[in-house]
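Next comes just one chain, in structure tokens: the form predicted alone.
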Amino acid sequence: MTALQHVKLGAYYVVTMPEPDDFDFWRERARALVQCDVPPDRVAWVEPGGSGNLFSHGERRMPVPDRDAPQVRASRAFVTLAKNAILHTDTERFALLYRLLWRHQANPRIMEDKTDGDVRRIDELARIVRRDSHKMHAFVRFRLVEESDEEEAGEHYVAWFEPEHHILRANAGFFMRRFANMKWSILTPRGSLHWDGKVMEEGPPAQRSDAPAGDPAEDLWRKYYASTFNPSRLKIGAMLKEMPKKYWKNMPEASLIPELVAGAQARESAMVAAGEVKDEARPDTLAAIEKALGICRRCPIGELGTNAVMGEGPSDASFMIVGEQPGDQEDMQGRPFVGPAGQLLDMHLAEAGIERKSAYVTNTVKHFKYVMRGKRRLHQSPTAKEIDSCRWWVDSERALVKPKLVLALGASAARGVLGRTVSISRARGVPQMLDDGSELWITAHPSYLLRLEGPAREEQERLFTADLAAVAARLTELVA
């Protein structure tokens, strides 16, 4: 028997799948069978590696539909669910999908019937697979491995993960986009993926011992997790549901959980008394922050497959500019404020007599949050929770740069610095003293100006220009 055998046994057809997740192969064979009017009870679908030797009637080709055979109908809802459901490990999934496709021809609206047993089952399989993919996005942790081969010298990151279903190849694109500039490997018992920055390659199944046990960067992860752990919001049941214990062994921060949970009450009291996280929990270099940001998934934005954009500028700058989040251009170029809003900001800074290259420029949220509209990625504002999750990174940058004056562009940036929401119209033009002795000035975000037209644009441009002029004058006083 060949790997792609199709055997007609009396009135039966046997289709052996080449791969357990090959939707395109299944769809091609299923369409042909439907067009040749082969009912579900006359088709046997065999998993890869399944034996065809149980059948002794010899090998024959798949039926070939006539040229005038009717087209196979499949709604978008069916195709969407089928692409996920086929990744499940249920051995009956191929037969289930074919049966539902067969029934779809007589009842094009069958997917709308949520009481139908087949519809409910495919929906359940798809939901379970989506959940497994979400866990993979959230719980894969790369560890640094130094290459010994001189030709391959450099940083190589390796992760170990144990998926419950056949999701590895389906999620290759996510990690390729998410860590485009890293050389990495993901090892699993079901196969492996290897990315060198240009080419994605598949590899054989691996064992846990093939992956590294840890690396020095994990200390930073533990510090971050400990500093963001909020004992007053601790719900152990919900935490275990979102972060099952089976994944803890792959996550450096998980080693802190028992201690943090056990001391939650005492730590809550300490936090109330102190009012903030101590500085010694923070990374000690900007390079350390940038390295850790590359694998940060502490909020949903980090799972969108975009690149973390680190701040840039002098590490001892007297002036720090904080925006909301990277945009489409910033995500692609890996630098803050290089898109249309950044160009408008540069123009106004120059008019105010401020050299951008002398400022440290960053964003309160480090990944681009967007929604797809056709082929375009449209900006979406981060939520308060997402801003608060990223605040630790911005605070860490401030603690290292030690600017004398911080300019927050927009309400999101102001919340990222202050930890609370403010009104731009009330806060602009009025400096606020921060705990570290620096001054915070607040103004509108340049992207807000770009969305306006006519007199409204002119008025906001006037206010923005006045704000930057005041900041420039104050900077001259502070650095004198």
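Note that the coordinates shown come from a computational prediction; the quantities given were computed from them, not determined experimentally. Residue numbers run from 1 along the displayed sequence.
The form predicted in complex with a small molecule exists for this protein as well; it is not shown, and the discussion that follows is about that form.
- No residue in the set 400, 403 and 438 has a non-hydrogen atom no more than 4.5 Å from the small molecule in the predicted bound form.
- Only one segment in the set 171-179, 389-397, 327-335, 90-98 has residues whose heavy atoms sit within 4.5 Å of the small molecule in the predicted bound form; it is 327-335.
- Checking 27, 445, 428, 415 against the small molecule in the predicted bound form, a heavy atom within 4.5 Å turns up for just one residue: 445.
- A heavy atom within 4.5 Å of the small molecule in the predicted bound form is found for one listed residue only; from 82, 341, 187, 308, this is 341.
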